[in-house]
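Only one chain is included here, represented as structure tokens and corresponding to the form predicted on its own.
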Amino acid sequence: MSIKSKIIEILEQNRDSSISGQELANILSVSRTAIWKNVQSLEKEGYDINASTNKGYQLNKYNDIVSNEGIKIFLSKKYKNLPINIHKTIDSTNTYAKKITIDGAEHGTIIIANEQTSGKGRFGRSFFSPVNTGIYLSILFRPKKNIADTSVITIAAAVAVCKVIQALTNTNPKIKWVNDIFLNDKKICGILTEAVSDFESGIVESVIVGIGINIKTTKEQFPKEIKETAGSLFPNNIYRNQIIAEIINNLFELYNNLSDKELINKYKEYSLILNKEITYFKDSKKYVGKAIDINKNGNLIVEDKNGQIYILESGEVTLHKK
């Protein structure tokens, strides 16, 4: 670990207090001049560090740069060694994750970007991913299980995101089946899961879970076509590093227990559409029905106006506007 990385790790661990240059020098066994030069370098990289002659160095409370050091502070001990790759700008974390999957990237590899130039959403849509305002990450899983045993990974990701948002912001996020997270009737998060399986064996070789969350993107920043439907978290006292770490902690715990019945029960608790009238598509036709349940595989159970029951394995639904 470089001196700069060690300084950031110490400053992240001591956000509520200042630490003197001499103390940093003693901890890292370098000169105070070396500390000063590395702090200057960090500031050029965008870190907002308060420097006081009498007190020392301290990260500004609004400093929100995503870093390995900042994330690992909040990671559970068993996940601290997961490989985390952070990029300032990337086309798409999912696209990059697929490339390194082919090259042999290991299970649990995490790709994070501060900006995406071609963020991916479902059905070929784009995901607006401006610099410094969101969380854009992808996680590579190598389950080596059959498709049926991995079908609820997207469900697990949605539950993990909701649990973290609820715990850290004291708000009430909801899931619009199957992969969108809403807060105060605005979409704040999208999840895109992409899998590669062996057709003959039916074994899933890899699953990439992409998660995009609007943290502090303003209404003015959103493109015109989503300005009225998209929203952001706007947390006051939490940082992207903490949110990312807690999502990792929660998602890996859920991933290791995908067969647990409580996963679907929790997903239902967060549901935005259960017991409500929805508009859905089946065989390319639009219908109106009531979302009555979600089965153990994460499929949506819908009852139409004639009392006919349908099981939706995939697709898109919206709350019906009367």
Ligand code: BTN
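Worth saying up front: this structure is predicted, and the values here are computed from it rather than measured. In this text, residue numbers run from 1 along the sequence as written.
The following text describes the form predicted in complex with the named molecule, which does not appear among the structures shown.
- Residues placing heavy atoms within 4.5 Å of the named molecule in the predicted complex fall in a single listed stretch, namely 112-120, out of 80-88, 112-120, 195-203, 156-164.
- Scanning 245, 191, 251, 183 against the named molecule in the predicted complex with a 4.5 Å heavy atom cut-off leaves one residue, 191.
- This chain is drawn without the named molecule; in the predicted complex, the residue among 239, 177, 141, 127 with a heavy atom within 4.5 Å of it is 127.
- Put simply, residue 71 is far from the named molecule in the predicted complex: not one heavy atom of it is within 4.5 Å.
- For the chain shown alone, residue 217 is not a contact residue for the named molecule in the predicted complex, no non-hydrogen atom being within 4.5 angstroms.
- Contact annotation for residue 150: none of its heavy atoms lies within 4.5 Å of the named molecule in the predicted complex.
- By the criterion of a heavy atom within 4.5 Å, residue 207 is excluded from the residues contacting the named molecule in the predicted complex.
- Taking the named molecule as positioned in the predicted complex, the residues of 201-235 that bring a heavy atom within 4.5 Å of it are, in sequence order, 210, 211, 212.
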